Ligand SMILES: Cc1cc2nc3c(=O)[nH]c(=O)nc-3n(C[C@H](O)[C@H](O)[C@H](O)COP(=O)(O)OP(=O)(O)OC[C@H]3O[C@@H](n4cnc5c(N)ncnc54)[C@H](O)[C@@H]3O)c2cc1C
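To begin, one chain is listed below as structure tokens, in the form predicted alone.
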């Protein structure tokens, strides 16, 4: 769709705030006319009807306007150039740039997510297909002991007969073993680049800007009858009919109050620029003893501890306030496999937002590390390079700026530590949409309910029914479930958001739906009961 312009401002169709997995997923899905169905055949049939309907309408328009020009043969048929889309991201000028930076910083060789966790809307097994098509299957690493926990139908019946049936065992078919590999980091990002190229999501539609405020109101230079979004950034203002919030969470914060002079000796994992810091690199180069304290019980804490040991740090102290949790994924297998619809059905049937929020917290159950990294950390512990302290927190900490050393005392099995050179907080990011600076105007002008820090958005993923601000990623968890934080949530969220956006833009365009009977329209789009379409068919006498 062409953008609406006036003599003063340009109003785009869609502005996506965030160029990470959720933002890329939405952009790709909006340019894919025949996405792979995530749920039912009815939905997939609806995609085919929409493609036929829109193609017919476009042809009619071109005939009326005499603009029946052929599309450039070099442009793939999947591209929809009519959509005027802009993405804004503070991290860089290319898609997934912040992700690439973090993966490089932590020296992560493979993702945690299985092969069917990706943002390609064209096919559920797109990442696996890409690996084999490009002879890169050797970059896949099997998740040992993952599929082995699952039982086939025959095995379950046999255990039932023997009275050995265990409870809460995921019923994922053994034939899906191929899914339970993880891709290498270069393979995953190569696939993301392939998505960008396929849908022509070039860097020209992405601008490096920090979004400071979002408003939805009438703009005199555009219309007195239709509200639009005014998105203020550090470089100016952008206008759009629809906006998509696709950010990863609140800005990272260290959970302990630090004075300005102490910030040199402590870093949140999401803010690491150089590892280890320069003053520690000098000590390591001079063969001096160095100690690092890592706070956190998730996978990032284990990755930092491993990286510090490999980079020459003499001793790493890894503390966590709870027990050590070992899981292949952030969420349980029952939420990951093909049969996750059972858990999702229970989630969607929850009567209140509080019930959904509780299910999310129970499913994620705090930070965890993978069996793969557990073995790595155990090797470092065996060699004396890492010491892990469970059920332990920081009691006090004092920074000496002259010697660049921390004096830290703990609460737990051990109270004292040797002088610490640097503290890394791998404590994740918060989830409270009302504290986001860019949403202050929206929360004031269009307040919505807050449940556990998550916004209570509509089933169509919108802020409110009268506000076309769609929410993707972590902040959409009350609609997407515990997987909203992960790549699978990015793809499913993009699918639902794209449906809503296409419905809005289609309605705005008008069209030839009047030529269809309502029964036929409902039948072809999978709405309501299909048997209603038979009601008006004359019965032969």
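This structure is a prediction, so every number in the text was calculated from the model and none was measured. Positions refer to the first chain, counted from 1.
There is another form of this protein, the form predicted in complex with the named molecule, and it is not shown here; the text below is about that form.
Peer 1: Are any of the heavy atoms in residue 246 no more than 4.5 Å from a heavy atom of the named molecule in the predicted bound form?
Peer 2: Although the named molecule is absent here, residue 246 would touch it in the predicted bound form, with heavy atoms inside 4.5 Å.
Peer 1: Is there a heavy atom of residue 210 no more than 4.5 Å from a heavy atom of the named molecule in the predicted bound form?
Peer 2: Residue 210 belongs to the contact set for the named molecule.
Peer 1: Does any heavy atom of residue 372 come within 4.5 Å of a heavy atom of the named molecule in the predicted bound form?
Peer 2: No.
Peer 1: Is there a non-hydrogen atom of residue 485 within 4.5 angstroms of a non-hydrogen atom of the named molecule in the predicted bound form?
Peer 2: Residue 485 belongs to the contact set for the named molecule.
Peer 1: Since the chain is shown here on its own, which stretch among 124-132, 103-111, 354-362, 381-389 would lie within 4.5 Å of the named molecule in the predicted bound form, judged by heavy atoms?
Peer 2: Heavy atoms within 4.5 Å of the named molecule in the predicted bound form occur in 103-111.
Peer 1: Though the named molecule is not shown, can you say which of 90, 258, 274, 342 has a heavy atom within 4.5 Å of it in the predicted bound form?
Peer 2: Exactly one residue meets the criterion: 90.
Peer 1: Identify which of 194, 376, 456, 438 has a heavy atom within 4.5 Å of the named molecule in the predicted bound form; exactly one of them does.
Peer 2: Of 194, 376, 456, 438, the residue with a heavy atom within 4.5 Å of the named molecule in the predicted bound form is 438.
Peer 1: Would the named molecule in the predicted bound form be within 4.5 angstroms of a non-hydrogen atom of every residue among 35, 242 and 499?
Peer 2: So, no: the whole triplet misses the named molecule.
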